[in-house]
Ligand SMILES: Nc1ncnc2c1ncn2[C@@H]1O[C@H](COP(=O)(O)OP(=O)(O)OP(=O)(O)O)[C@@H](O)[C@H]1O
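Next up is one chain by itself, shown in structure tokens, the form predicted on its own.
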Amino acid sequence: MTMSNNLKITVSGGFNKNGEAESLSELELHPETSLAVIGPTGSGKSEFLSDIEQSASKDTPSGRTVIIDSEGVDFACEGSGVIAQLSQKMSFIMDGTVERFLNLHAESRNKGGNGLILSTLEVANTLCGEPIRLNDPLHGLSGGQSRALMIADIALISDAPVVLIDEIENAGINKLKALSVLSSSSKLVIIATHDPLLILMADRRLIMKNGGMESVAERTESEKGILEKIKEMDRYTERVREDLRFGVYPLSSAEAVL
């Protein structure tokens, strides 16, 4: 399947946990944009992602209807693999090496060439602290390595135009680079998160409340300024984290900020 920029996802509202109609009756989503799904724990963020993943048709607890369409083609009916999903817990059932996995996936997408495989590995290695090698067995990868490999694979090899992410901030990878990699691949990125950095990086945010879609907010110009300040704080935290990991006392970094 070749991704179309005309792809559109329409989410028609269902009901919140009290059985009341959702405040937001309809939501439209398009490629090359990002949506942060936010709200307190238990507000329905994961259920919203699940509805998208299942192309819900009033057959889930929320009662929502999700239509994924491009130029009149109903992807849900064709089963064309329009959605890639990344969760906090990643594991491989394939018994093989990183290189074999990437090659098989590329071949299944009618893509190939050593350049693509090496580029995917290079991107993956910018996301996690411990290097991944082509001859590493998949089952031997750490949780962070597995997620980094899958993010790079989704961005460079997968044709899926929609990416669903559940709380990437707890995934043991560089969350800022991960979202940047996915956002630059012209896909629609939908991420459930509590992290202010990831929330402000998204073009829009969907506020969930009591299991229902409450409202949608666009990122403002003033929020872009706040985002830059939070990025600097995140870079500082990352420097200190890496110093501590390698047994370096981060006093100089702390003094520079404090």
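Throughout, we count residues from 1 along the sequence that is shown. Because the structure is predicted, anything quoted here is derived from the model rather than measured.
Another form, the form predicted in complex with the ligand, is not on view; read the next lines as being about it.
For the three residues 30, 33 and 204, a heavy atom within 4.5 Å of the ligand turns up in the predicted bound form in no case. Within this chain, residue 43 lines the site of the ligand in the predicted bound form, having a heavy atom no more than 4.5 Å away. At the 4.5 Å threshold, heavy atoms of residue 153 stay clear of the ligand in the predicted bound form, well away from it. Of the heavy atoms in residue 17, some are within 4.5 Å of the ligand in the predicted bound form. In the predicted bound form, residue 61 approaches the ligand with a heavy atom inside 4.5 Å.
Residues from 192-218 that approach the ligand in the predicted bound form with a non-hydrogen atom closer than or equal to 4.5 Å are 194, 211, in the order they occur in the chain.
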